[in-house]
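Take a look at this single chain, the form predicted on its own, given in structure tokens.
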């Protein structure tokens, strides 16, 4: 009996470690997307549903460019990724200049900008499906077999995802401490006042949506080498990233990253013990529970008294 119990405990411990590692990697990928959503939302005040279309668009742009090269070595992979990011940033800037900024100048409400963002999402997703089809696109990275550490299977692509996510998330947190981000903080408080005080709000909006969309594209490219991406993948992951922003505290990048990891751990455990169909449902259950506990999210940002 002791041996059976010991074996069962060892098995459960291994499963827990495997789920924890998988959830951590998935959480960091979600954090890339959520950090971009956070940056765009707090700068433009647009609930950017079209974020999911840039996620999908980044993956498909990378896939299409990479297929042009007969040699898929590291150099061409990086070159394709760089080109895909430029395309995504260009399209994001066009959406900001042609749609979001005109609506902002007309003082349009958030309901109108939300509907506009939804229209952009549907237009881009249907365009991608028309050009590439609805099949899931997936790529393989020739890095060998899985590595086993304490009986936890670690795929080489997961190490790449872990390293790249940490580098770019670290970069985002570093940028949040620079003088440029003070303009973003000013716009979070009041865009009109920030403009009067000399903040170049137009440029900051363009940079925010470009950088935020690039982060989404990076997450999609990394996912392309793991589970793959299909045209309909954008909506679910955008809603998860939006929930991460709300739960983490909309004014806190650190809170958004932490919430992303928690959501991914919950989704991974739900898919393992229940069903993958319950993943998004459990995410919104977590959102409701946090609302009962802390309406400002798990990490709040200090504001002046008159802003509270």
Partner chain sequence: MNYLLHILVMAEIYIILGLAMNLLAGYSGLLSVSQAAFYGIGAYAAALLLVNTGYSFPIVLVGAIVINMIACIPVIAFSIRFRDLFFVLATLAWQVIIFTVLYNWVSVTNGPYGISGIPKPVIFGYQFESLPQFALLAGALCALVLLFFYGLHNSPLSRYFQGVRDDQLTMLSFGKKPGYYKAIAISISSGVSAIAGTLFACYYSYIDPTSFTMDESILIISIVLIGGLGTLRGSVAGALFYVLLPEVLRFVNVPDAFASNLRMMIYALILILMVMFRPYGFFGNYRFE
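Residue numbers count along the first chain shown, from 1. Computed from a prediction, not measured in an experiment: that's the story for all the values here.
If you look for the form predicted in complex with its partner chain, you will not find it shown, but the lines that follow are about it.
Listed residues 163, 78, 130, 94 were compared with its partner chain in the model of the complex; 130 is the one with a heavy atom within 4.5 Å. Checking 151, 146, 202, 108 against its partner chain in the model of the complex, a heavy atom within 4.5 Å turns up for just one residue: 108.
No residue of the trio 15, 20 and 74 has any heavy atom within 4.5 Å of its partner chain in the model of the complex. Judged by heavy atoms within 4.5 Å of its partner chain in the model of the complex, the contact stretch among the candidates 112-120, 84-92, 216-224, 164-172 is 112-120.
In the model of the complex, at least one heavy atom of residue 278 sits within 4.5 Å of a heavy atom of its partner chain. In the model of the complex, at least one heavy atom of residue 246 sits within 4.5 Å of a heavy atom of its partner chain. Although the partner is absent here, residue 102 is a contact residue: one of its heavy atoms lies within 4.5 angstroms of its partner chain in the model of the complex.
Although the partner is absent from this view, residue 239 contacts its partner chain in the model of the complex, with a non-hydrogen atom inside 4.5 angstroms. Using a 4.5 Å cut-off on any heavy atom, the residues of 35-66 that reach its partner chain in the model of the complex are, in sequence order, 41, 47.
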